[in-house]
Structures are given as structure tokens and as C-alpha cells.
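Given next, in C-alpha cells, is a single chain: the form predicted alone.
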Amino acid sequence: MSASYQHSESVPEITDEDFLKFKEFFYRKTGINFELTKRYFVDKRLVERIKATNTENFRGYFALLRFQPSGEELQQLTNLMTVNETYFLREEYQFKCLVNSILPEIVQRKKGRDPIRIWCIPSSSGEEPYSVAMYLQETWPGIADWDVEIISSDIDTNILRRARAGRYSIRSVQHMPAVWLEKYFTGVKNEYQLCDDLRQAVEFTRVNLSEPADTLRYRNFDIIFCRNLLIYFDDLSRKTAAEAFYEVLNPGGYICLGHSESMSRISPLFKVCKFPEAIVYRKALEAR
């Protein structure tokens, strides 16, 4: 028998051929490419959804994924397959760069009183966009003079609901200054509830970067935070994402990636900017 996820007759079998078929399908739909090292992770979640949908085997379940008009099951599976590992003030040096280096340049070029627009993708459970809002409120003097819009997006609808709820574990807030924690959170049992004012400062939306139609309405942003997402993409999907980001940004806009990611290895569309606090990437002031 070929290598497969099968421990007993009650567990649906995922064959090598099934895995490859699903891998290709999921890649086309989401841009996420699962390597063989993720086989156990993928098989386990496929089996979970096969059982939940009473489709008995992979063949029936795969047909449901491909042909269900609503796409509801594909979304359910996508929610299971995406990784959401984050915490408040993660890679804080980029927030310092935002306040000390990026925003002064953005403000200098702004015409009239257009708002400063920031896009965080993926949102995960909301720690990153809420960190941005908090950091601006606490450390940027310009927050008193400028309207800032923060949009945060993810492909996972369950995680977006969690982000909107704004309730976090002790681990999520472990790097938060005590004074900020007291100011913006209320303790609820073993969790922390974010205050309404900060929750209302961020708009959460569902976006699939691999679907061009999803990003069409996202334009005129000044800054994008896309940290630790592109590591799950292959070269083609990264290039597609870079092109989408280029269209989303205003001329001279900036994109911040995760510490192990480099736009220089993905696309020539952006210029490297080495600020004292961090390396980020900028769209040219003149359009292509």
C-alpha cells in the first residue's frame, strides 16, 4: 500500500495521488504550496473535513470542494489549513521604523488632508493591526493632526471573527508594556479584552491574494505590512502578490515584510530602503 494517512478502517485514506491532486488544487485557489514535509498536517485536516461533511472518502470530498456553488466548504478547509501564529508588538523594530522614518516621508508628500492608509495582510487574529494602531497612538505625535485608516485582511474567515472580537491570551500580550496593557485591555478570566475604541480603529476584511478580483478595490494605500505570509508561497505566487501590492500602493508607498523575507528576490518593482530601524521596500514615485 502507498504511503497514506490511515490508522484504522474508520479513517478515510488519503493516497499519494490524492495528496498531489489536492496540493495542486489548493495552490491554484490560494497560492499556498504545501511541501511533502507538511503531508501529515494536510492529511489530518482533510480527514477531519471528510468526516464533518459525511462524504466518506477523498474522491467525494474533492468533488464537493471543486463544484460546491457557494464555495463554503473550500472556505472551511482554508480556515483549517492556514497558520495563525502571532502576538502583540512582534518585530517591533518595524513599528519604530514606521513612526521615525516612514511616516515623516509619507506626510511630507501628502496633498491636502488625504488620510494615511495602512493595510495589514494577513491580519491573523488582529495583533498586528492593533499593534500598529496602539503604536501610533502612543508614540507618533502626528496622530493628533492626521486621519489614519487601518485595514486588515485575511483569507481565514474564522480568524477574522476572532480579530474583531479582540480577546487575547496571556501569551499574546506578553511583550506589551504594562502601562499599555492597563490602558487598552480589561482582564477577563485568563484572557484580555481589547477596548472598543481600539477595535473600532481597524476594519477587517476577507481577501485572497491569489484572486485578482479580491484586491481590485484596494487602492491608494501608503503602507503595507505583509509579514511572514510570502514564505508559504512559491516563486510564482510571490510575484503575483508583489504585483498586487504594487497596484495597491500609492506612488512612493512602502511595504514591510517579515525579517526572513526579501522583496529583492521576488520582484524588481520595489526599491530597497535601508532606514536606521529596518529594511523596507518602496514603490517608485513615478509609475511604471
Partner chain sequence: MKRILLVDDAATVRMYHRDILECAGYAVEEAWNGIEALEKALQSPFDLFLVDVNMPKLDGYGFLRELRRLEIPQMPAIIVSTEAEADDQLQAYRSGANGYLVKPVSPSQLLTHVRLMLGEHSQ
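Numbering follows the first chain given and starts at 1. The structure presented is a predicted model; accordingly, all values stated were derived computationally and were not measured. If you superpose the two forms and keep the largest set of C-alpha atoms that fall within 1.5 Å, you have the rigid core.
The next section is about a form of this same protein that is not shown, the form predicted in complex with its partner chain.
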Its partner chain contact at residue 262 in the predicted bound form, heavy atom, 4.5 Å:
yes
Can residue 279 be called a contact residue for its partner chain in the predicted bound form at 4.5 Å between heavy atoms?
yes
Should residue 27 be counted as a contact of its partner chain in the predicted bound form, where contact means heavy atoms within 4.5 Å?
yes
Would you say residue 241 moves its Cα by 2 Å or more between the shown form and the other one, aligning on the core?
no
Hey, does residue 33 budge by 2 Å or more at the Cα between the shown form and the other one once the core is superposed?
yes
Does superposing the core leave residue 272 with a CA shift of 2 Å or more between the shown form and the other one?
no
Regarding residue 30 and residue 281, go with closer or farther for their CA spacing in the predicted bound form versus this form, the difference being 3 Å or more.
closer
Pin down for me whether the residue 214-residue 29 Cα distance shrinks or grows in the predicted bound form relative to this form (closer or farther, change of 3 Å or more).
farther
